[in-house]
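The chain below stands alone, shown as structure tokens; this is the form predicted alone.
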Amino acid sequence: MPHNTPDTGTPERIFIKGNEAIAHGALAAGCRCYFGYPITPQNDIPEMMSFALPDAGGEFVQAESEVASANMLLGAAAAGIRALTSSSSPGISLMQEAISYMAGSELPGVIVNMNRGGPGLGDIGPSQGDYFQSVKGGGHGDYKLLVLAPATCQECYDMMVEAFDLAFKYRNPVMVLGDAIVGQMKEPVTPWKPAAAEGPGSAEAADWRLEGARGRKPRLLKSLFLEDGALAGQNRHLQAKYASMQAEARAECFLTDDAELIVVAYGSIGRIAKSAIRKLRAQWRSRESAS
């Protein structure tokens, strides 16, 4: 059973795609705004959000482009709303300017990237070519994202809940990095709800969200610092925050206790690497027993 799952007896299991698990997890996490533009292989996410989100009291917008989607995400984040956008490789590239603005303005939001082949338009098959773009900060400026990489449909669900929590904890964009295999495969998933999924107008953003300056001084969320030395100070502040985010780093270790060689992989390729390790260990044991 996933962590933080309430003990309610036998948990319900559903058989869904990774993309659908992403949408289910976002709704469980309190996501109330989705902005996106269609692109294969992640179209199941906006399709599901388009009919599920209004029923949950949220708003779905099919934007005119990925550029618009990311800037709508920025606007919802500034209002303190748990909001989501999703796309695939070339679409994510179009979002990079807004993602950099969000990092510079310290705005929380969740971006899902289901990798497809590239460069350019490439194809609609699985790829891991966006790894460096994701973990190094793909847009202009010196910034970082928190990146979560699911390998199973259950992790797609679980990591969406975690992504929203981390985004608001650090006031920083979080990317969930999958690929065409993770998004399109089907597996059993056990849905669960966090103890307190925050929604629109939640207390987690009360100190900084823009809601109209009634009875208080105005607030300003910005990424433009023109005063002498102001940008240097802001970047020092951001770098200290990114250093603190390293405490969230984690990885699954698989048969590493006695390993002389460790294979490092993520997502769907991590699953393939596990199979290769099992096979190689079986071959090694066979040779050991024969000698």
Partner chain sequence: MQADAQLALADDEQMAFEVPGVLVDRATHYCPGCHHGIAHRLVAEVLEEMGVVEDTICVASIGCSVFIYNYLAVDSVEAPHGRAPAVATGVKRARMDKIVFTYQGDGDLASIGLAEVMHAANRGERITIVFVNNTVYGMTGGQMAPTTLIGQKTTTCPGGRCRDREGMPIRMAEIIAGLGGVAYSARASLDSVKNIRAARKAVRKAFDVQQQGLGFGFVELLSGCPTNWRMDAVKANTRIREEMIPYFPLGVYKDVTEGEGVC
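Computed from a predicted model, the values in this text were never measured in an experiment. Numbering follows the first chain given and starts at 1.
There is another form of the same protein, the form predicted in complex with its partner chain; it is not shown, and what comes next is about it.
Residue heavy atoms within 4.5 Å of its partner chain in the predicted bound form occur in exactly one stretch of 70-78, 169-177, 184-192, 142-150, and that stretch is 70-78. Out of the listed residues M245, A265, L238, V61, V61 is the one that sits within 4.5 Å of its partner chain in the predicted bound form by at least one heavy atom. With a 4.5 Å cutoff on heavy atoms, V135 does not count as touching its partner chain in the predicted bound form; it lies far away. With a 4.5 Å cutoff on heavy atoms, Q234 does not count as touching its partner chain in the predicted bound form; it lies far away. Contact annotation: I124 falls outside 4.5 Å of its partner chain in the predicted bound form, judged by heavy atom distances. Proximity of E211 to its partner chain in the predicted bound form falls within the 4.5 Å heavy atom cutoff.
Shown here without its partner, the chain carries E97, P218 and L224, all of which come within 4.5 Å of its partner chain in the predicted bound form through at least one heavy atom.
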